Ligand code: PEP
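Given as structure tokens, the chain that follows is alone and in the form predicted alone.
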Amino acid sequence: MRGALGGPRVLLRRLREVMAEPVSAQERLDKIVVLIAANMVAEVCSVYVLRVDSTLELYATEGLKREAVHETVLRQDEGLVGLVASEANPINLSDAQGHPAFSYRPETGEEIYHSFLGVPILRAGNTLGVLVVQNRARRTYSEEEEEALQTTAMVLAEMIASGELLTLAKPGAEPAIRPRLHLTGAALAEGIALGHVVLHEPRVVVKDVIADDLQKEIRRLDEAIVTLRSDLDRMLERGEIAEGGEHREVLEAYRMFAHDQGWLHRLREAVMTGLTAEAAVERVQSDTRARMLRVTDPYLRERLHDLDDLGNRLMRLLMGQDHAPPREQLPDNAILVARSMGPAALLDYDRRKLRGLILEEGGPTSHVSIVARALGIAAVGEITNISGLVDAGDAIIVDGSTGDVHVRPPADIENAYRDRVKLRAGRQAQYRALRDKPCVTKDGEHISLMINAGLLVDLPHIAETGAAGIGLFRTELQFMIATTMPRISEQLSLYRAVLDAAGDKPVTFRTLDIGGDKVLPYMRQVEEENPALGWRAIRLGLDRPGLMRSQVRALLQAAAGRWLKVMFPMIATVAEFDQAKELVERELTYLRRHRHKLPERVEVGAMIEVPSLLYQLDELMERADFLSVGSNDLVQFLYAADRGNARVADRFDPISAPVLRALKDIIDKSRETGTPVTLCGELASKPIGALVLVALGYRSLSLTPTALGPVKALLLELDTKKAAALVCPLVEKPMKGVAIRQQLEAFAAAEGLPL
């Protein structure tokens, strides 16, 4: 820096004094720009603040014309200042006017200044404004000067974030510290929730920014880094799992970053500019986040999350805070916001107070989404940087039906959603009134509506919805939320509780569907090129017979004296089904030999998810007691479109001729052989999906508990003969240029069916 020796530190101390003075916001800003200009021997220092309308307003200046303050407004794509804001990167030029982005604003009088240094004012990686210094002489500012200006910008960031500048703003042009946002992501769990933000991993708020003793801060930083490294080493040595379900590979990545010399060098450099150790971590973290949020490479974006987590851990160590947030302090109407979550973490929260969930990651078929639907909370995923855009306590609306999220909504939006909640509550009351009414269509067809489940929290839904039973019990969820492998006694206890809750209603247990994207935290993960098509489900079970036999034994013992239905997932060949069925027979023989009480009746079935089974239906139906169609995976594999990949998940419609032809072949074969078939994928959980399935001939559906009411309401009004007369010809010969879904929607409208 060209000022006096120790210039940055002197400047920070003087800024701290100015921040403590009892003056107006404008006076404080005016003093700050004078101080910065004098300390940097700059002829101009200006502060631009980002407004809620996405423009940049000149809030203070030393050197430019004073009458331009609050009058000069730039778009984010206008001028060098706009370029700094949009790219969140410093710009250092010896001849600003020669740059193609230079924008001449005559009211400022800046045409006589040539050198330009602008840095973004950042907080949590979000741009709040731009800080600029200029000189008449053509010169390039040094790295030390650039570093000092970035450090100074942190002080301005806290001033803007505090809301102090709101008194200077015109209505509609307030600083964008708490902007109203309308964001759209992936709908994960239906429902509408109005409430207040709770951050799953609350951001550390650094209150003491300016250091008194630099050597002390360096020592604090070094000690915290040593502690961080030793903590990670201990976790790896003991095989522990960190908060949020991080696996060993993640901890290894953390350890690698914790030893990265470039990262440590940047932290120490930030301290040497005059910041406290925790402020230095926040500064480096915010700069890195701002740059990497603009990167499209998914691998690099994932590394940002690792660095974020590591930086948060380090700041908590420096400030003596626990890593885990206090779950017991959950407010009423809580909307949980997280980068990502495992199902176990979600279940840690008080269900009575939790209304909604918003994730940066996670699609509709992710495991946490399944749990969210089981809990009956509205959920939306794939909202980029949501944890950096909100603060704890912010008012927020989650629409799990459309994927819309409204942050700090205006009164009219809030009122509209309150009306929708009332309307939805009225509909739910109507659905509850249908609970005990048999599901019989207008033309007398009986449809069995069952629910999908997987946890104890699902069990009350059987009585609440009037379901005919559980058509799919996902046994892997118990394994996924546990920190260690569930013992046979624990499995037996769960399965017995499920059967007790169902009473005389049937329950179909699916054996472990793990592997691929369903990684158990206590099992070694196998790296695969394409895990969805890899070592998972029945393939893993047959290769690990001890694991599968213990589960089957627990199921058989839990069902003593009762009816047990067991089905195997991801069967690709009849030979696999034969092997799995033989394993059940061996366990029955074992229990007989040891004089255990056996189930009164055992039925063994398979899930049709892999397209190869479509060409083995005759052989399969000879062997299986029943079949279940898993439409989620069947559609995924038919179209070779990963349902967890947002770019292709919605590319193909499950209500289309190829899928419906496959589904029709299955139900036609089942009628010929008398083999019962249930469809238990997400297709059945939408009224329009249920309509087309019943039209094809399906008479047993298993769906999400919250979907049972809407689907039942439609089926009670449906004439299946009319629906079949429309659908079956369309499946055989689709109309060119008109989607089957559109024709079904038109049919429903004409028939007055509630979609």
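Computed from a predicted structure; not experimentally measured. The first residue of the sequence shown is number 1, and the count goes up from there.
A second form of this protein, the form predicted in complex with the named molecule, is not displayed here; the remarks below concern that form.
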Assert contact_stretch over 142 to 150, 506 to 514, 116 to 124, 587 to 595 against the named molecule in the predicted bound form, heavy atom within 4.5 Å, equals 506 to 514
Only hit among S387, N312, T465, S631 for heavy atom within 4.5 Å of the named molecule in the predicted bound form is S631
From L663, V198, I470, C680: within 4.5 Å of the named molecule in the predicted bound form by heavy atoms is C680
| query | Do R316 and the named molecule come within 4.5 Å of each other in the predicted bound form, heavy atoms counted? | reply | no
Going by a heavy atom distance of 4.5 Å, is M607 a contact of the named molecule in the predicted bound form?
yes
At the 4.5 Å heavy atom threshold, is E382 in contact with the named molecule in the predicted bound form?
no
* Asked: Even though the named molecule is not shown here, does R643 get within 4.5 Å of it in the predicted bound form, heavy atoms only?
  -> yes
